[in-house]
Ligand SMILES: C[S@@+](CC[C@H](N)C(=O)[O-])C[C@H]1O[C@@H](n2cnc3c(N)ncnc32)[C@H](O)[C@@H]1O
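There is one chain below, alone, in structure tokens, taken in the form predicted alone.
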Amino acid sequence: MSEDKRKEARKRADRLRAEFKEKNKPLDWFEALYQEADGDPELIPWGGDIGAGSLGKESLKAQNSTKQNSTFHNPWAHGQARLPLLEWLDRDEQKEWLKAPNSKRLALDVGCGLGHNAVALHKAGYQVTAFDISETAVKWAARNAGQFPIEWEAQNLLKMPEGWSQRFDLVSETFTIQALYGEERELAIKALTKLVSPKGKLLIICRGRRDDEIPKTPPLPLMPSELDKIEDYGFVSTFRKEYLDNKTPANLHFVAEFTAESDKE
């Protein structure tokens, strides 16, 4: 993806975000963005078509050569599952936990976009449900990844189906909450916790900022204090890592794993 195209995609997203915030419809800009893209994945800032070899372990092995210590070469690359997710899926602790006693573990991919992370979860061994608030995005993802047995849904995180309550062994959220503000953001984080089964895991991968740092432009990176509050909903923090991308200046990111207590509400 050219830098000019990336800038165009970012400007388009910023414009729509502002327009729908003014209309007091802060979540509707996602659908408008996918509709305006009209089938061009490069007009989705986090998009890119699903291509052969761009997802799962093959991608991880290829990209491992670009990692230096805790700094990833390009976790924002277009058309692939996010590198931090691939790394988390490749951890020995995760592989061992994935071995469910009688059946595949159920995973929910939150804000699935064009489906890259959902496919990575499937390839890792999960039975995957993926949803996005944008119906256009969900249809696009299902078309891109039709060869994989993934359940695609158009849903709003703030209005989850009752049948999804405490259903999933893993709830994976990547770069979604950071696009929300104010009350919607707080409600969304709480909604995530209600989807995780007892002893299940909640995984959040996001742009990060220090608690005393004021962001200059959207998205609104998460603070450590926001992640810490998840423990108030009956979770224990079981893994956290921070890293920098390759931009100038570099952007801070967090990978945070929480495990639900068996008696969580």
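Here the structure is a predicted model, which means the values were calculated and not measured. The numbering used is simple: start at 1 and walk along the sequence shown.
The discussion below concerns the form predicted in complex with the named molecule, not included here.
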query	finding
Every residue of Arg167, Gly200 and Thr259 near the named molecule in the predicted complex, heavy atom within 4.5 Å	no
In the predicted complex, segment of 141-149, 88-96, 120-128, 176-184 with a heavy atom within 4.5 Å of the named molecule	176-184
is_contact(Trp46, the named molecule) in the predicted complex, heavy atom dist at most 4.5 Å	yes
The named molecule contact at Gly111 in the predicted complex, heavy atom, 4.5 Å	yes
is_contact(Leu157, the named molecule) in the predicted complex, heavy atom dist at most 4.5 Å	yes
Any non-hydrogen atom of Ile189 within 4.5 angstroms of the named molecule in the predicted complex	no
Partner-contacting position among Leu106, Leu195, Ile133, Leu83 - heavy atom within 4.5 Å of the named molecule in the predicted complex	Ile133
The named molecule in the predicted complex - contacting residues of 7-31, heavy atom within 4.5 Å	Leu27, Phe30
